[in-house]
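Taking the form predicted on its own, here's one chain by itself in structure tokens.
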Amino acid sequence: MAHTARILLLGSGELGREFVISAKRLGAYVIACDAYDDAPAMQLADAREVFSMLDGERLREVAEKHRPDYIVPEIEAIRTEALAELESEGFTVVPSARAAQLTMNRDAIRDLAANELGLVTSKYRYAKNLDEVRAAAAHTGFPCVIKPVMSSSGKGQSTVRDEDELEGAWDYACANMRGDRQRVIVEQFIDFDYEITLLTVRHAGGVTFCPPIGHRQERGDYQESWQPTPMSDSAIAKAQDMARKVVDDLGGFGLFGVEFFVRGEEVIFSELSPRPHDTGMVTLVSQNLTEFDLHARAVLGLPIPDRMLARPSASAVILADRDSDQLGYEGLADAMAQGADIRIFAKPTSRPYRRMGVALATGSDTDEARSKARDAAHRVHITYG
């Protein structure tokens, strides 16, 4: 009798929560980990561990205690040296410890893409202090984008239009850095037509792409996404070619969220996450197999379809506006009456702009779906005790 696959999930937010659902549907036993108790994925997992993922010793202790078949990172802020050591001792890190190490730091994945793989990227430089920021901005020109090499969900990112704004952008980036590296990337602002996430699944049978997902951000954080987004065949082919190169180089099996800027027929590599992507929440209604189902299948070595299709769909986030640990939700019936669906993440606390839920909708086209999802998100009201 085959044994139950044991998964150690590092990070237990809303993406982890949906992954737990998908993995448990396939019979896996999941241990959910996060720095705070009762995180969204913990509420559905088989077991939990509360500790900072940046504590390498605790990470090792937990891995040795549970002896998982797969260690699955859901967040970037992890002591990746510990993952590399565990992998060298026979643990399976998803998709690989190297992928976690390179993508935890925007500088490493950018250098790989631009210098080693020859992908098209924007002009960029790194900076460790304000003087270096000024020099980097002189190289990229204005406007430019400044963001920490390591942060969460786009936090610490700002667009700078002239030299007077550099100091404020540097301070904002420093205040929102994750980990222990005081370093930013300064990159040329791309006047793109739109940006996409190309969900790319590397699995035992090869590489499968989902239809491209368009998205809109504010404060460097995703606000809404829609799928499919219209792209020419040649632009899609360029994006798929670049995505395949980078995921094949990173190795391992799993779903990757690969982000691109698109300007006409020009496709420019932006970033990559070696895990389900927040903009991929739309797949909860757009695809028969969600990004979380695809990640779970790839991790467990199960078949992935050669081709993925998407019905016109959209997602819109539901945000908190204050700090609270007494939370309730109103307006769900009103939101759903318009034909949308709602996912509440069940986070135990809120803070300004924290993602607390998402509205999902389908339509005859993505414009209709976006309108329905935005309307539904606005009808859900968070109550604070």
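Here the structure is a predicted model, which is why all the values come from computation and not from measurement. Position 1 is the first residue in the sequence shown; the rest follow in order.
The form predicted together with a small molecule is left out here; the points below concern that form.
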Seminar exercise, completed: None of R48, H66, R60, R354 but one has a heavy atom within 4.5 Å of the small molecule in the predicted bound form; the exception is R354
For this session: Identify, from the list I304, I75, L102, A137, the residue with a heavy atom within 4.5 Å of the small molecule in the predicted bound form.
Result: I75
Seminar exercise, completed: Here the chain appears without its partner; judged in the predicted bound form, the stretch of 67-75, 307-315, 198-206, 85-93 with heavy atoms within 4.5 Å of the small molecule is 67-75
For this session: Please run the contact check for E224 against the small molecule in the predicted bound form: heavy atoms, 4.5 angstroms, yes or no?
Result: no
Exercise. Might L15 be said to contact the small molecule in the predicted bound form, defining contact as any heavy atom within 4.5 Å?
Worked result: yes
For this session: Tell me, yes or no, whether D278 is in contact with the small molecule in the predicted bound form, where a contact means a heavy atom of each within 4.5 Å.
Result: yes
Exercise. Does the small molecule come within 4.5 Å of any heavy atom of R244 in the predicted bound form?
Worked result: no
